[in-house]
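Just the one chain here, the form predicted on its own, laid out as structure tokens.
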Amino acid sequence: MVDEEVKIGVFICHCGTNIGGILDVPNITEYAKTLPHVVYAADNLYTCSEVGLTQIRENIKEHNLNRVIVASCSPRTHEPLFRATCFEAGLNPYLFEMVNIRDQDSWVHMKEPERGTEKAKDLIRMGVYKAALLEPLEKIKVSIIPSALVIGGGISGMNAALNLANRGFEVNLIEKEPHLGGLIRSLNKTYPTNEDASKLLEITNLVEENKKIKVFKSAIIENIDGFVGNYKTTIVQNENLTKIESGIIIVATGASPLSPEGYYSYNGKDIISQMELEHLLKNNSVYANNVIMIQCVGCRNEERKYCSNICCMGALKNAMLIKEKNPDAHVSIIFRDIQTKGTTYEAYYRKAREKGILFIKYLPEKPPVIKKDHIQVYNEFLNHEISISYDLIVLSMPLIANDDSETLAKMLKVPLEVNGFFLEAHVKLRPVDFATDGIYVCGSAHWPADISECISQSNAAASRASTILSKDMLEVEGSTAEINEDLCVGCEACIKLCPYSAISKDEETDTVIVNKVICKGCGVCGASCPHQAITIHHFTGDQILSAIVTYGGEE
């Protein structure tokens, strides 16, 4: 293809009014026709529609296009679709280039459409010059080990394991505690049905009796190596080492309740946590007639700025259970905000009010003050402090990330967010995926989640994992890094900087090697190599410089 004449087709999308309502798309299209190597240019309403995709396929064949550019929205959402369309028409998918004139142009320049139009011309011209230097690449094929590893034996992990086992896949379930069940073992009842939590624990029997699932209890992960389709995990159980091979990994390690020690004079007697109240309710040991619950203890502050998501509903549930057992009891909930999302939870909240539970809002700058036999709280609506007698104070503590989350994240080479929970690849497009292929997350390991959320997320994670396990071979991206051994001096700068740990040292040659299955072609190594020994395919130095120079830069 080196000697073949470059023929570029440019397809410019109106994206409804997202682009066409701001930029002069017909003008941009006419400009594109004047650019070098462009033999066809057209615009349409939605390039991602079947009409738009058909136009691409037909013109590749009609004009013998060997490069295709789509100027539209984000490559993150639509590049795979357009690449697949080019492939269907017989064109190597890596001879496709996408120019983002929505996120990077029309949305940015809504109030200056003329300048936005000129910027779109610049972006497309840069894309054309880069596309002229694109080279065909091939995806890398790897074999798949048709078994799964699920880390965590709570409701999320068990449900994910059952999902995969019921689809015929072998599953290894690792739990660091002596029993399966996670935090559900500590609960009395579940909201909003007020069903006994012990019924949910019946799933443990299904898991342990399933022939497709092998359970490792009291097991600690010592090491994780490998890549998508071929992970190798070493665990320690009863001082014995066991090595497990799997095609995918699901992280369902859950979260831990924050200790109430040091908050509101906690003493574990008449000032306790919601988790301790669950235990008392389970044993029918609540004898207090004046119960006060304080929300947002230890969170939504400078140390932990997040809402723990489950505390409000947990308090409502336990407050109503106390009223059901003792209708004469006085139960007050002192809150900053009440979160009852959805119509079902909102109805649950209204039911709590109907039962006579008192709700008192407090300001974060004026928190409740606990005295010997009463609590004082400033009421914003009354504009003065009120006093409430108590026999029992219950603190609603948040869920926090597990202490070993960072250790596990480093083994898996996946990120954590600022609060220590595992960070997904994309909050909307890939909510249960990590950026690292073949690893998924669900439940409270990802963010504090109630039981229904844990189940739905674990279903999603199992479904995503099945897309890999159901294949004998998996294709991974061909746009990866490549080392020029003649230029490499083995300084290891790239090894230290690679965010995916895809580069290692070959001690025999004293040069580095790239695991192309793990490599994401992010370019960090290529940009940092002091000897320019690394080429990032699809983003070579010549390709990037050609775009910069045509914009007005200097070589």
Partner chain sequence: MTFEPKILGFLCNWCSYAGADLAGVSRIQYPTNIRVIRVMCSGRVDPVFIAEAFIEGIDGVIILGCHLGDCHYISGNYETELKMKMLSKLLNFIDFSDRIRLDWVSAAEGNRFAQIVGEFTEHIRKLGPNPLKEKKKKIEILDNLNTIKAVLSDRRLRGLVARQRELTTEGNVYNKVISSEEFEKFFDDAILNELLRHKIMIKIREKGKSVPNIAKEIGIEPYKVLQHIVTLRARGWVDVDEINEEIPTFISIKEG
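In this text, the rigid core denotes the largest set of C-alpha atoms whose superposition between the two forms falls within 1.5 Å. As the structure is a computational prediction, the values presented were derived from the model and not from experiment. Residue numbers count along the first chain shown, from 1.
One more form of this protein should be noted, the form predicted together with its partner chain, which is absent from this view; the next part is about it.
- A heavy atom within 4.5 Å of its partner chain in the model of the complex is found for one listed residue only; from E62, D510, E30, E492, this is E492.
- Contact annotation: of the candidates A347, V108, V369, I220, the single residue with a non-hydrogen atom within 4.5 angstroms of its partner chain in the model of the complex is V108.
- Comparing 120-128, 308-316, 339-347, 456-464 against its partner chain in the model of the complex, the single stretch with non-hydrogen atoms within 4.5 angstroms of it is 120-128.
- In the model of the complex, its partner chain lies within 4.5 Å of some heavy atom of K496.
- Interface membership of G52, defined by any non-hydrogen atom within 4.5 Å of its partner chain in the model of the complex, is ruled out.
- Although the partner is absent from this view, P75 contacts its partner chain in the model of the complex, with a non-hydrogen atom inside 4.5 angstroms.
- At a distance threshold of 4.5 angstroms between non-hydrogen atoms, N100 is in contact with its partner chain in the model of the complex.
- Although its partner chain is omitted here, in the model of the complex none of H179, L183 and P257 has a heavy atom within 4.5 Å of it.
- The partner is not shown here, but in the model of the complex the stretch 10-35 reaches within 4.5 angstroms of its partner chain through a heavy atom at N18 alone.
- S456 is not among the residues whose C-alpha shifts by 2 Å or more between this form and the one not shown once the rigid core is aligned; its shift stays under 2 Å.
- R76 is among the residues whose C-alpha shifts by 2 Å or more between this form and the one not shown once the rigid core is aligned.
- When two forms of a protein are overlaid on their rigid core, residues whose CA moves 2 Å or more are considered shifted, and K317 is not one of them between this form and the one not shown.
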